[in-house]
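Quick setup: one chain, the form predicted alone, written in structure tokens, and binding and motion questions come after.
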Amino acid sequence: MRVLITIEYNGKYFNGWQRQKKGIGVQEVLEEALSTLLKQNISLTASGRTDAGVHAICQYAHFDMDSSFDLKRLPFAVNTILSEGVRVLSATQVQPSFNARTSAHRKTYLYKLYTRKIISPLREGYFANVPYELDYSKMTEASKLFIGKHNFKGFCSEGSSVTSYEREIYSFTIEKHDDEYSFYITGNGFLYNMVRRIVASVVEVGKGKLGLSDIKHALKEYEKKYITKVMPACGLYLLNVQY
């Protein structure tokens, strides 16, 4: 039976999704707990990797099991075994051909920051702090430049092992509430550090340190020299995956 689970985790406890040579990955913790519960070796395939410190509100992963364990009970049972920082929210049976990674059509990421000049202990680890006055109107203009298909080579970090840098952004919205900004980006896929670099570029426009032309050049010429900043991992959340 192929099973799809929905997972929520706090990135500060983990060195990313994938199993690690050093440190602990979410995948390792979940596979060990599920293997113990179901009494078989469980191997998970996720919708995609998240980096160290990145959170997930709704991550998906599939696995195959021989057991007839009640899937309605599975989240509650495995959560009693799991360590702090990660929980399984649901488990459902899917078709044998389903693949949590390749069957995904859209992913939405949320990035959160606040602009107070004094660090907020209550938001530390869950928001990035940008102690500047930001121009919301200019940032909104900048966000529109990313909509559509582009070569995002200028917006990814080294270590991205891909054959194509072309991705499509379906929507990019920014919400402001008092001193907090929420960036929602939906696309068909994302490169290594792509979301954090996109948000960083928009924030630099909001500070007045980059212009719209810099983003246009980076999208057109695929050069990293235009976009050098990367936002901290703590403000990034995998919000949703659509199949």
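No experiment lies behind these values; they were computed from the predicted model shown. So that there is no doubt, residue numbering starts at 1 and follows the sequence shown.
Although not depicted, the form predicted in complex with a further copy of the same chain is the subject of the following passage.
None of Leu113, Cys156, Met139, Val88 but one reaches within 4.5 angstroms of a further copy of the same chain in the predicted bound form through a heavy atom, and that residue is Val88.
The single contact residue among Asn151, Asn79, Thr108, Asn99, judged by any heavy atom lying within 4.5 Å of a further copy of the same chain in the predicted bound form, is Asn79. Among heavy atoms of Ala56, some come within 4.5 Å of a further copy of the same chain in the predicted bound form.
Residue contact with a further copy of the same chain in the predicted bound form: Ser120 places a heavy atom within 4.5 Å of it. Though the partner is left out of this view, Tyr132 does not reach within 4.5 Å of a further copy of the same chain in the predicted bound form, counting heavy atoms only. For Gln20, no non-hydrogen atom is located within 4.5 Å of a further copy of the same chain in the predicted bound form, even though that partner is not displayed. Looking at 194 to 202, 31 to 39, 56 to 64, 207 to 215, the stretch with residues near a further copy of the same chain in the predicted bound form, meaning non-hydrogen atoms within 4.5 angstroms, turns out to be 56 to 64. Residues of 1 to 30 lying near a further copy of the same chain in the predicted bound form, listed in sequence order, are Glu8, Tyr9, Asn10, Lys12, the criterion being any heavy atom within 4.5 Å.
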